[in-house]
Each structure stands twice: as structure tokens, then as C-alpha cells.
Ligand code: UTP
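Presented below, as C-alpha cells, is a lone chain in the form predicted alone.
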């Protein structure tokens, strides 16, 4: 069973400047609710029991969000506002589940994952990227069901426009397992349009094997001087580790850009 999830949160959110010059992007409200809470709720509703946040010293605001007890207790004592009481109870519920590790240098998603090595207990764990919001259907829950069926790693997949493949990690697919799931032969990070093996893109939900830590610990920096999770996944696939691309059925929203952030609020307000 998948019981642990990790969420990399150390990024500076430069695509959302100037908002992120003073505020953590993951706490920005999306239709009146902090973006990170949508991700937390997705985890909880998938049966996840422990969530590991990877933050940096510059993102201490996120930790304070869950550990601001004195502030809430003083406000509740004065006002006894039911809405505030309920919000505080919700944060206390989240706080019981979360742990924090630090990535103080921006060395890539692979390096962020490696920071959680000592905390991961089971053979597989879930990773969610907070910029990728998936609504209307719980993507993580669907992926866990696929993992349980095939006893393998799973990565969320979405068909993208062929002209935009150079923005994404792109799958080379090996064999179709059923309508929504295929075995992955390779993953290519941001290929040129002419060299892209498909238009099936990696979306920010992964069920990864604990053995990926061995690859990451020995991995040299790749593009941009960063340690990419894609490179470690490639090595495991080439060693016959089974990875499945899962075509999820929810609606994908990109919260990491200004236009995407605005669209996310509009779409969620319709639910």
C-alpha cells in the first residue's frame, strides 16, 4: 500500500512574480483556498497517512502556516468565530500528517526527492508536484489502484499539442496494457519537436520505487546543472523496472504561471 507522499516546495515560483517576491506560491489562494490544500486533500482522499514537504529556508512561511497555533488560539479566544475555529481544526488535522525536510540549494527535483531518503519506509511512495492541479477526479487515487493491480511504478500522463512537446517530459511507450495505461519504454526531458517519440507528457504525479534513491545518490547533474528525476527514472527503466503511463481522467490545471493561476480559480469556482 502507498502510505507516504512527498511534495517538493522549495522552488522560488519566479513565473508568478511579483506575487512570489513576498509570498510562497503554494499558499496563494485559488478560489479562496490555499493551493497546497488541494494537494493535501488529494493525498488524504487517496489513503495517504504521511506527507513530507521539501522546503527551503526561504519558504519557512509554509511551515509557519501549519505551526501558527499561538495566533489562532488568541484570535479564537477573543472572537469565538466558528469559521476560524473550523479552519484551525483543519490545519491541526493537516499538521498531524506533515513532516518537513530542507533543500536549500535549487539543484533540481531529483535532489529534492533525495532529501526524503531517510523518511521513506515502504517500497513505493507517491510524489505530487504542487504546480500541477488535477480536479474533478482524484488522480493519485486512480494511480494507486493501477499500482496495486500491476505492482509497478506509475506516472500520470496527458496528451499535449505536438507543437508544445519541448515544454514537457515526453514518454516513449512500449506496450498498451488497457484503455488508459501503457508500459513506458523511455522518458525524454523536453525533446525537440522533430525528435519527440510521442505527444504523451509527464504530469506531476508519480508513484516511485524506493530504489530510485540509489540512482539519485550517484547521479551527476544534467541540464541546467540540476539533478533531474527523469534521468533516474530512465536508468531504472533501462534496468527493466516497470513504469506505467496512466492517462488520468480529471481536469489538469497549471498553477505555476500567472495565466494558469487565474484560470485555476475560475475553473474551480464552477465546481
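These numbers were taken from a predicted model, which means no experiment stands behind them. Numbering follows the first chain given and starts at 1.
From this point on, the text means the form predicted in complex with uridine 5'-triphosphate (UTP), which you will not see here.
Exercise. Give a yes or no on whether each residue among 139, 145 and 251 has a heavy atom within 4.5 Å of uridine 5'-triphosphate (UTP) in the predicted bound form.
Key: No, because 139, 145 and 251 lack any heavy atom that approaches uridine 5'-triphosphate (UTP) to within 4.5 Å in the predicted bound form.
Quiz prompt | in the predicted bound form, the residue from 152, 182, 116, 103 that sits within 4.5 Å of uridine 5'-triphosphate (UTP) by heavy atoms | solution = Contact with uridine 5'-triphosphate (UTP) in the predicted bound form is made by 103 alone.
Quiz item: From the list 84, 135, 107, 173, which entry has a heavy atom within 4.5 Å of uridine 5'-triphosphate (UTP) in the predicted bound form?
Solution: Among 84, 135, 107, 173, a heavy atom within 4.5 Å of uridine 5'-triphosphate (UTP) in the predicted bound form occurs only for 107.
Exercise. Tell me, please, which stretch of 86-94, 127-135, 173-181, 195-203 lies within 4.5 angstroms of uridine 5'-triphosphate (UTP) in the predicted bound form when heavy atoms are compared?
Key: One stretch meets the cut-off, namely 127-135.
Quiz item: Contact between residue 112 and uridine 5'-triphosphate (UTP) in the predicted bound form at 4.5 Å, heavy atoms?
Solution: Contact check for residue 112: yes, within 4.5 Å of uridine 5'-triphosphate (UTP) in the predicted bound form.
Quiz item: Using heavy atoms and a 4.5 Å limit, would one call residue 19 a contact residue for uridine 5'-triphosphate (UTP) in the predicted bound form?
Solution: Taking the distances in the predicted bound form, the answer for residue 19 is no, it never comes within 4.5 Å of uridine 5'-triphosphate (UTP).
Quiz item: Does uridine 5'-triphosphate (UTP) come within 4.5 Å of any heavy atom of residue 263 in the predicted bound form?
Solution: No, residue 263 stays farther than 4.5 Å from uridine 5'-triphosphate (UTP) in the predicted bound form.
Self-check item: residue 24: touches uridine 5'-triphosphate (UTP) in the predicted bound form, heavy atom cutoff 4.5 angstroms
Solution: Output for residue 24 is no: heavy atoms all beyond 4.5 Å of uridine 5'-triphosphate (UTP).
Exercise. Can you tell me which bits of 152-186 touch uridine 5'-triphosphate (UTP) in the predicted bound form, meaning any heavy atom within 4.5 Å?
Key: Counting only heavy atoms within 4.5 Å of uridine 5'-triphosphate (UTP) in the predicted bound form, no residue of 152-186 makes contact.
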